[in-house]
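As structure tokens, one chain now follows by itself in the form predicted on its own.
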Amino acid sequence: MERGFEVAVITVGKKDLLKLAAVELSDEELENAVSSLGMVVEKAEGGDLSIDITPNRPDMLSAEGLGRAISAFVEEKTGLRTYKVKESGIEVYVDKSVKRVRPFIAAAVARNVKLDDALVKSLAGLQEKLHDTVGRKRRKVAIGFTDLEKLKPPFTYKAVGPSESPFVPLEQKEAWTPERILKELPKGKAYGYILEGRKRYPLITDSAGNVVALPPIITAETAKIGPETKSVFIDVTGTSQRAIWECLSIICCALADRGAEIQSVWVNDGKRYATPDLSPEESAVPLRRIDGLLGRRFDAEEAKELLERMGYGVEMDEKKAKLHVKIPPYRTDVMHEVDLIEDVAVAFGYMNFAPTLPDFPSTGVPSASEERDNAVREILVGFGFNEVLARYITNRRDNFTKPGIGEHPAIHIKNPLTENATMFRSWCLPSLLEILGLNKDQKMPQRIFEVGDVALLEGGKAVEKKKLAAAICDAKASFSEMKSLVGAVLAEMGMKCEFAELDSHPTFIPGRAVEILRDGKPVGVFGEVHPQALANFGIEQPVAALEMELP
């Protein structure tokens, strides 16, 4: 079952952000720095900034991470930041019973924590955004914060039955069983789908048998953190060991930037290892590789300074014409030398690259299909329509559920980055309805179209097809208006088609939709969109729509 994906927009206090960055910047200078790093200031209001963080930089989903990046970029504190990790002596034992439920756990301790308003707000926001992005709405990663002084280490991570180990969940006054939490508690109902079909549920307990948390749902009331908390126990559970380690590193670095002392925890799951590991990773980048990808010659000193402005530690090897780069633990997005080269470009500034022409002559000629598509576009523009470009990658909710149709064979992404982008769209009309829903407050009528690709499974093979989709949103939009448009478009394209009455189509009003046939085969549909589909997309005016496969 799919759940919506929340856009990674964080809200930070400008004063707190500049304090963490240790710089004084005007509003314009701050916005320019954020923009140069690839982020967008969505709104500045009352001393707060709302900033859209790109999915590839989870380390910047908090004021601490963003401040750290700005500080290096404006050359206040460049180079590698190092983080010390002391041993806590605390251990987490992983029971075999949890392996088939939610197999991985990592943990850490943050001591000397000062839980002021700024840190509480930032920590809660970072937890939420990591859940929504890297954590896939807690399915892949879930994070818990508890007061270590209220607990008795060592800890055990195990699986229990639905009625076993009742405890008082956060903000409650009586003990609940895990089964009841999933069925009745708001957090349980919101995230219980993650444990759906499981006969046992994951649980973290201390040596006294007290429940610490029921991941990925909720922590225990008896262990909640508050203003008096000085030592925080951080647990991260999930289905990907790499992902939980990365999230733990990001959280620990953020707490360390606030002055907390980070301590490791031993995890014993048959092998015994300590988490987190905040030591930098190392990579080497040949200068010729930088020059080749960016199309500009950078000498070793210049490339070194640019990488240091992105927070890396760099040593030059001039004999071998390469840079040895130390990657900070919070930069979990860096997986290849290309990622480092991209940061060279970011620090240099994309607008500072001089445009160049290729050093070979070439002449481009439109393909027959592109000429056809352009002709179709000219026809629709001539009829007063505006072209839109919609997302090729979508999700079950938008492709099937909102339009009201049943699922049919489609191409799904095996390991999607977000729950908002899990499959290739199988038809274009939902994309137009989504755009109309987002623009419902704009002037009517709205007449939009798209000549776009869809991907289908036919005979077990992936097939890409080009389609024309059009929609009219207006109080007077009707079947007759769309029929006239379709007839005129077909005539302009020189296509001979027939219309056949549709028995039913869930996206359209019964009796107000027809099928388009070419050589006796269905190639499209048009009609008036069903009110339920309109409501699902947030559209408040009638819509007449068309979708047709191009020859």
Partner chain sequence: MLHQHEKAVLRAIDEGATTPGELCKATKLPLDAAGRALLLLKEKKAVELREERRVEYRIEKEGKKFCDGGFPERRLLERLRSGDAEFSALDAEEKSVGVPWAKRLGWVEIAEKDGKRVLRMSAAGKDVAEKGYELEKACRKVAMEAALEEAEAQKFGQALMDRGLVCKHEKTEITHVKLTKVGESLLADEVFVQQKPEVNILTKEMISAGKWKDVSLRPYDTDAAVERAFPGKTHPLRRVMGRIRRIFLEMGFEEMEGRMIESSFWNFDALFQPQDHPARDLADTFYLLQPDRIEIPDEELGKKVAKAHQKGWKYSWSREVAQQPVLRTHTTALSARYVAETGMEKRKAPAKYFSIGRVYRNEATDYKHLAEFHQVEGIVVDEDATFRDLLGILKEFYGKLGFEKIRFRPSFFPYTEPSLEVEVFYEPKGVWMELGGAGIFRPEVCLPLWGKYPVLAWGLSLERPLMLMRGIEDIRTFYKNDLAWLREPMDGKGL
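Quantities reported herein were computed from a predicted structural model and do not represent experimental measurements. In this text, the rigid core denotes the largest set of C-alpha atoms whose superposition between the two forms falls within 1.5 Å. Residue numbers count along the first chain shown, from 1.
Unshown form predicted together with the partner chain; subsequent notes refer to it.
Listed residues A124, L438, A190, A208 were compared with the partner chain in the predicted complex; L438 is the one with a heavy atom within 4.5 Å. The listed set G406, G270, G197, G364 contains one residue whose heavy atoms approach the partner chain in the predicted complex to within 4.5 Å, identified as G364.
Taken together, the three residues A22, V74 and G226 all stay farther than 4.5 Å from the partner chain in the predicted complex, as judged by their closest heavy atom. Interface membership of M39, defined by any non-hydrogen atom within 4.5 Å of the partner chain in the predicted complex, is confirmed.
Taking the partner from the other structure, the partner chain in the predicted complex has no heavy atom within 4.5 Å of any heavy atom of K319.
By the criterion of a heavy atom within 4.5 Å, H336 is counted among the residues contacting the partner chain in the predicted complex.
Although the partner is absent here, F424 lies within 4.5 Å of the partner chain in the predicted complex, judged by heavy atoms. Partner contacts here mean any heavy atom within 4.5 Å of the partner chain in the predicted complex, and among 29-37, 493-501, 62-70, 517-525 they occur only in 29-37. Scanning 231-263 for heavy atoms within 4.5 Å of the partner chain in the predicted complex gives just one residue, R242.
Annotation: Cα of T422 displaced by at least 2 Å between this form and the one not shown, core superposition. The Cα shift for E221 between this form and the one not shown, taken after rigid core superposition, is smaller than 2 angstroms.
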